[in-house]
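Quick setup: one chain, the form predicted on its own, written in structure tokens, and binding and motion questions come after.
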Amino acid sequence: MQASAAIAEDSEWGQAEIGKLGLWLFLVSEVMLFGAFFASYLSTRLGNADCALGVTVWPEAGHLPGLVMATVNTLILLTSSYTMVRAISGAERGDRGRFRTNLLATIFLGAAFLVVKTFEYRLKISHGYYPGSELAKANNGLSIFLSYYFLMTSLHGLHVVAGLVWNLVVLAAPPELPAEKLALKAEYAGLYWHFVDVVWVFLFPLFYLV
């Protein structure tokens, strides 16, 4: 019996390690995806005088309100990383109440990020700041910038949605699930959520501050 239990335990440990390896490989592929976009964006702004780094690309009417919203969203995502850490900690300690409360807070904050982003998109579009607009056609630098902005921020937004779905799946774990398995599920979801937050930390200064 002891030998069987030891074998089962080793098997579960092996599956957990394989799961972590698979997740890290997936995250590496995601880093490569965003890294390619970041490299393309930076090379364009460094090599194109119309939208070079240091040149004010956003017209003031669209920049200032958008900057405020982006700053709020940065604070929202940073806070969501903190609540995610607390959710994982609660799962590891077997404190289901703490786990659920903090994971719900993470989900709420992620949804709030998307709501604020939607309002920011509406603001920019209402001012004519979108690819193909008359304003963009009249300013080559702005047209290039807007194409990158909407492509990269919408791609990030899709990853936020994926993270929310993942968190909801973990939240719906059955009560009889052992604490160690729940903690592992929470850790996987947390790694992905932190990745999404880190991507935004790079997007924010690139699109709003430089």
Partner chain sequence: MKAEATHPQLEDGVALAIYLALLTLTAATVAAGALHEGRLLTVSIALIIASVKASLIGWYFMGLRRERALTFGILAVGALTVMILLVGIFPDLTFRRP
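Everything quoted here is computed from the prediction, not taken from an experiment. Numbering follows the first chain given and starts at 1.
Below: the form predicted together with its partner chain, not depicted.
Using a 4.5 Å heavy atom cutoff, 25, 43 and 180 all lie near its partner chain in the predicted bound form. Of the candidates 105, 125, 85, 114, 85 is the one whose heavy atoms come within 4.5 Å of its partner chain in the predicted bound form; the others do not. Within this chain, residue 94 lines the site of its partner chain in the predicted bound form, having a heavy atom no more than 4.5 Å away. Within 4.5 Å of any heavy atom of its partner chain in the predicted bound form lies no heavy atom of residue 139. Its partner chain is not shown here, and in the predicted bound form it never comes within 4.5 Å of any heavy atom of residue 100. Residue 78 belongs to the set of residues with a heavy atom inside 4.5 Å of its partner chain in the predicted bound form. Proximity to its partner chain in the predicted bound form, taken as heavy atoms within 4.5 Å, picks out 33-41 from the listed stretches 139-147, 33-41, 154-162, 167-175. Of all the residues from 185-210, those having a non-hydrogen atom no more than 4.5 Å from its partner chain in the predicted bound form are 187, 191, 194, 195, 197, 198, 201, 202, 204, 205, 206, 209, 210.
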